[in-house]
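This document starts with one chain, in the form predicted on its own, laid out as C-alpha cells.
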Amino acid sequence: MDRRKHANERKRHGVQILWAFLTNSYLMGFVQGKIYKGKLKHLCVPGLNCYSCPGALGACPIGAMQAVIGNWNFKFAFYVAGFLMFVGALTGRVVCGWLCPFGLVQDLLHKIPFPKKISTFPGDRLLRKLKYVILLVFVILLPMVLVDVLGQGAPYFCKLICPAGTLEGGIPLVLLNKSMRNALGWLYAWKNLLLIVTIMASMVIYRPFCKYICPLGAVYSVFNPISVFRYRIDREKCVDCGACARACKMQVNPVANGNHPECIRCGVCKKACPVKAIH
C-alpha cells in the first residue's frame, strides 16, 4: 500500500513539475529580467501562476480577474469568469492537486523533516473559511470599489497578499533588475514577510496557503461536488475501515463526503483504500 501511495505521489509531482515548466518556459525572461508580453499572455492558465514571473507564458486567472473587474469594459472579465467556471465544472480542485505550481512548492516544503507536524488545531475548520472572505474582499470588492480616475481597479490580492507572486515574480525581477532594487519599500518587505511565514508554515502544516488563503482554491472548491470528474464511493465495497480518512492530508473523510470542498483530488485516499471502493 505504501509503495502504491509513494508511486502515486511521484507521478503527481512529476505532472506538477512538467506543468510548471511548460507554463513558465519563457527562458529569455530570466536572462533579460523582463516579463513576456506576447499573445499567449492574454490566455489564463488554470493554476495560481504569477503573471509577473519572468518565464510565465500565460496569465493567472485571479490576477486577471482583479485587473479588469473594476474596468468599464467587462468583456475580458466575462472571459476570466467563464474560464474559471469551465475548469471548475470540469475538474473541481484537480488543478490544486495536480497543476498549481505553488501547490508543488508547498508539497515539497512539507517533506522537510520537522520535529512535529500539525494536521489540525482548534479553529482550523473556521480558519478555512478565510479564503472565501479573501476572494470576496480582495479579489472582487476592493478592485470594484477602489478605482483610480480612469475607473481602473488594482489587483489588491496580488499587491498585498499573494506569496506565490512574491516567489515567482517579485524576487526574480528584483534580483534581475538593479532599478527595481533601488526602489524597494515597505510593501516589498511585507510581501517577503508573508512568503517567509508561508514557507515556515508549509513545513509544519500541509498546504496552509491552499487551506486558508488561496482565492483560486475557494473558486474551484464550490464546483467539487458537481464537477464532471469527481470521486464516487462504492458503498457496497466500502468496509468503513477509515484508511482513506487517515491518509488524507487535507483532513477530509471521503466516506462521509467524497467530494468535500477541501479535497484537492490528489488520489492518496484512492490508493489507500484496501478494497478499491473509491473511483
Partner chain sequence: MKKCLQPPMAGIYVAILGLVLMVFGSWRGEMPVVLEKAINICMECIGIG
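Positions refer to the first chain, counted from 1. Computed from a predicted model, the values in this text were never measured in an experiment.
One more form of this protein, predicted together with its partner chain, exists but is not displayed; see below.
Interface residue among 158, 135, 95, 142, judged by heavy atoms within 4.5 Å of its partner chain in the predicted bound form: 158. When its partner chain is considered in the predicted bound form, only one residue from 213, 250, 244, 64 comes within 4.5 Å through any heavy atom, namely 64.
When contacts are judged by a 4.5 Å heavy atom cut-off, residue 36 counts as touching its partner chain in the predicted bound form. Heavy atoms of residue 78 reach within 4.5 Å of its partner chain in the predicted bound form, making it an interface residue. Using a 4.5 Å cutoff between non-hydrogen atoms, residue 279 counts as a contact of its partner chain in the predicted bound form. Contact check for residue 89: a non-hydrogen atom falls within 4.5 Å of its partner chain in the predicted bound form. Stretch-level contact check against its partner chain in the predicted bound form with heavy atoms at 4.5 Å: of 117-125, 99-107, 195-203, 81-89, the positive one is 81-89. In the predicted bound form, its partner chain lies within 4.5 angstroms of at least one heavy atom of each of the following residues of 39-69: 39, 41, 42, 43, 50, 51, 52, 59, 64, 67, 68, in sequence order.
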